[in-house]
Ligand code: GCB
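Below sits a lone chain in structure tokens, taken as the form predicted on its own.
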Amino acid sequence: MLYPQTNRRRMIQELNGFWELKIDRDDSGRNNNWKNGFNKDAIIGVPGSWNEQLSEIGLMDYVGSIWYQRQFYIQPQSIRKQYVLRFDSADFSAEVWLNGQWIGKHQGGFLPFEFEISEFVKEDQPNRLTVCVDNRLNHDTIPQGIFTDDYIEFGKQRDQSYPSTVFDFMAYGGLNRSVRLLVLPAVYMEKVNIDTQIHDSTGILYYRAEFSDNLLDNEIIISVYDEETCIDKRRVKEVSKMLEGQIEIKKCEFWCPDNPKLYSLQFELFEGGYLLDEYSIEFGIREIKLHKNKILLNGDPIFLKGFGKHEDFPVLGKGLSHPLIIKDFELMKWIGANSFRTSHYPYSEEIMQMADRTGFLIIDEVPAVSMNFKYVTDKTLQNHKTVLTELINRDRNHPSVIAWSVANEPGIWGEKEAVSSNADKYWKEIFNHVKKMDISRPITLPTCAVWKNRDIAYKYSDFISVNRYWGWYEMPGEIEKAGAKLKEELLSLFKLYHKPILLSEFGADTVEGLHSTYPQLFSEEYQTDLINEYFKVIKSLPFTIGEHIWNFADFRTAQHHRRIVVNKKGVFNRQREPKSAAFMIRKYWTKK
């Protein structure tokens, strides 16, 4: 599935904007044939989450189905075209109808899906597009859902959130990213995979392209551009549905944070001398390897400085915002970061593109967050593999992606099943599934403190990622003891596994404007001093490869007695204003 683009043979019709919405509190929409149209309850902006947009009509904490509808027109085409309806995401599942005809469904949020709708669309007439979006989760889904009975079974009713979520971020619902109608040629490029290697000063590009159908009298021109200059061009005749090859770039500029050099690869598809389709994709030449407890980028060791983040902003929820993407990247550059993890789900493709262009390194994560192995089923495993497949297919061409993260903090409930033989088999299958798809990047899994050095993820991870909150959830107020405990644990982990270690989460909730002359939880000084203590420990250990602070910015959570509307661990508040810790971090990360 290729990211949409407009060129000489491809067109995009944006379907963003104002949609009509109807709340389906009793799941009666199907029986009442809302697929054929409904009387709206409200207007909603797409892309955007329904929660804060429409909190006044009761949608802030709504869990269930909501129906969307809008009309669109397409102009008659002089030559045969294919029409593809693309959703960049629907959280967490969607069913789609066009002009009353069922088109298809997709399970899982945060990732794109498409439907070929040529037989259903009407030219030069109104088309009614209807979508039923459902943000309910269960034990089989990725991420998993949680229910009141689950809390009771574990004796944790005081930990119950509203709405119930097993993870500590808001389960926003809606069409949070773009919706588009793609107008494509009769035969078009469907997929391009890119891999790169380095040999001395030469960059090697491996490509594999797939097409929607076979061609008869065909020719493909493949070109590589360095900005406006074509540096390689070749012709291939009589291609079937798949084409692969390699191109060498002499005296190549390798992609890295200090020089995020991007080339472009262009395919032009001809049939009988007529340009049928074209597609251009940006790429960077770079290699990622682990060697002697270091992570190497193009043969040189790198140290990851950055954050766990969230797609979250007032009113928008998880809604795509280009200005917000720019602001976040500018703030990360200002503070001296070079990396982040897509905690705890795939971020928008526009964020990935910006990382490519600005030189940020990404650990790319699927939404398998806080999995409870007491409730894992065969269907959970299958859904987990499916979302990994979709993520890798979407993001494998981004030079910014340096590692895959297959989950976050499984077994956080302390269930004995998390360290059972069944769990071991589960993770072995998950890691092997990723390796079959992509051997060019390391794989990791950030862990919580519950299982200490017994966590199964350590055995399979190429490098160890640990989320630790000594000085906050444990040893609160005791910063020096927290640092000593952290160092003791990291030394123990390295002694057991002999793998490089990333501190993938650490931090403290902080109320901006709250100050103290002594170590006081929630004060700005406490956050600053605790993060600085972690920095000292990490710097003292030669096998550490990075530090990702939790979190970049405050973010909304489900209602819970531990959270005052938002998780306050951000070094910026939710509106992107800096707390005191941001200035200490900037000084530390930007010093020569």
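Everything numeric in this text was worked out from a predicted model, so none of it was measured. Heads up: residue numbers just count along the shown sequence, starting at 1.
Quick note: we don't show the form predicted in complex with the named molecule, though the next part is all about it.
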Discussion item. Would you classify Asp356 as touching the named molecule in the predicted bound form, given a 4.5 Å non-hydrogen atom cut-off?
Written reply: no
Worksheet item: Arg394 near the named molecule in the predicted bound form, any heavy atom under 4.5 Å?
Response: no
Discussion item. Considering non-hydrogen atoms and a 4.5 Å limit, does the named molecule approach Asn408 in the predicted bound form?
Written reply: yes
Worksheet item: Might Asp168 be said to contact the named molecule in the predicted bound form, defining contact as any heavy atom within 4.5 Å?
Response: yes
Worksheet item: Just one of Tyr534, Trp67, Trp550, Phe543 has a heavy atom within 4.5 Å of the named molecule in the predicted bound form. Which one?
Response: Trp550
Worksheet item: Which of these residues, Ser348, Asn338, Asn467, Thr196, gets a heavy atom within 4.5 Å of the named molecule in the predicted bound form?
Response: Asn467
Worksheet item: Hey, of 521-529, 534-542, 563-571, 36-44, which bit sits against the named molecule in the predicted bound form at 4.5 Å between non-hydrogen atoms?
Response: 563-571
Worksheet item: Judged by heavy atom distances of 4.5 Å or less, which residues of 311-350 approach the named molecule in the predicted bound form?
Response: His344
